[in-house]
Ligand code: GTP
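Have a look below at one chain only, the form predicted on its own, in structure tokens format.
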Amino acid sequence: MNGQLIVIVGGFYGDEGKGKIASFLAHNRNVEAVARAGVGTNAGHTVVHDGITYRLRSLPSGFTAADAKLYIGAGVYINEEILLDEIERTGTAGRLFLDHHTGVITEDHIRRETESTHLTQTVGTTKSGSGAAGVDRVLRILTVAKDYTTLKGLTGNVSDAINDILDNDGTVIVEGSQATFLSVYHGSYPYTTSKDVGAAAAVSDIGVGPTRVTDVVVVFKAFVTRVGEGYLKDELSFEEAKERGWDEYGTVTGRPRRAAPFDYELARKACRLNGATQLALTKMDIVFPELEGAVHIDQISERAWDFIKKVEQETGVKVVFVSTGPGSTELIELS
């Protein structure tokens, strides 16, 4: 038996709305588990469900599907205080499990990042401690989840658990963090995050082999945003971005996001790097206000269709999901 493994990754520089897509799929694919891959608490994922906005830095966004088991992979870094707070706020105690080897961020990691001028001023880090924890992981001195008494009831072998679900024909969603061009290998180095964050890295983070992947959903926003330093093609001034309604602010830092028009060349490269099989386009209601709240395919305007078709033509990958608002149900599925 072989189940379905759906990997969700960002296509640009983060903030594309991966959390919303994860939440939607968790409710619409009879999902047994949702697993969080990626870096750590330096990524903020926002989910709006049943009128409530959840801002998460550790929990998988698919927690909104009440029957889904939740996992955090060995390749991820958690902050104990943030994690326990999110479990309490979302009422997910009893169904969230960490891998024994999930890395734990300490105050020392946060201090080291905060004191680094290179990270805070040149790269533009979120000062979460995730990068410093990664350094200690490489040096093999990082403390991991199994070393903490307060986390003992939450730890287990995530790789075994997810592979068992797949062996029994179950469906699993893997939610990545950051995005393709923040990868330390394939992004705009050195203005990147501290590890690889593509689809291949996501399955490695949770301990599943690449041949088990059914679909890779690459999520693009209908315009490009970026927080921190680094090149951004055709970047708009903040005033122009605000005039277009493209002004946004980082979930973790509150910093204004830099904005630019959709980059087809970057999108094409992201699809190749991740082996994309499906695309999701988010914030379509911002660029095409007539789509606001739309849930049916016949509500898509001609000019929005032109954009969707151009994305497909330029990338060679089908657009399957069109997000039309912040809510987890404000979405049109095209397949």
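Owing to the predicted nature of the structure, the values given are computational and were not obtained by experimental measurement. All residue numbers refer to positions in the sequence shown, first residue = 1.
This next part talks about the form predicted in complex with guanosine-5'-triphosphate, which is not shown.
Shown alone here, L273 lies farther than 4.5 Å from guanosine-5'-triphosphate in the model of the complex, counting heavy atoms only. The closest non-hydrogen atom of R226 lies beyond 4.5 Å of guanosine-5'-triphosphate in the model of the complex. Residue contact with guanosine-5'-triphosphate in the model of the complex: K127 places no heavy atom within 4.5 Å of it. None of the heavy atoms of S58 is located within 4.5 Å of guanosine-5'-triphosphate in the model of the complex. Distance criterion of 4.5 Å from any heavy atom to guanosine-5'-triphosphate in the model of the complex singles out R257 from the list H186, H101, R257, R112.
Residue in contact with guanosine-5'-triphosphate in the model of the complex (any heavy atom within 4.5 Å), chosen from A43, A65, A280, V34: A43. Residues with any non-hydrogen atom within 4.5 angstroms of guanosine-5'-triphosphate in the model of the complex fall in just one of 280-288, 295-303, 263-271, 26-34: 280-288. Contacts to guanosine-5'-triphosphate in the model of the complex (heavy atom within 4.5 Å) from stretch 6-29: G14, D15, E16, G17, K18, G19, K20.
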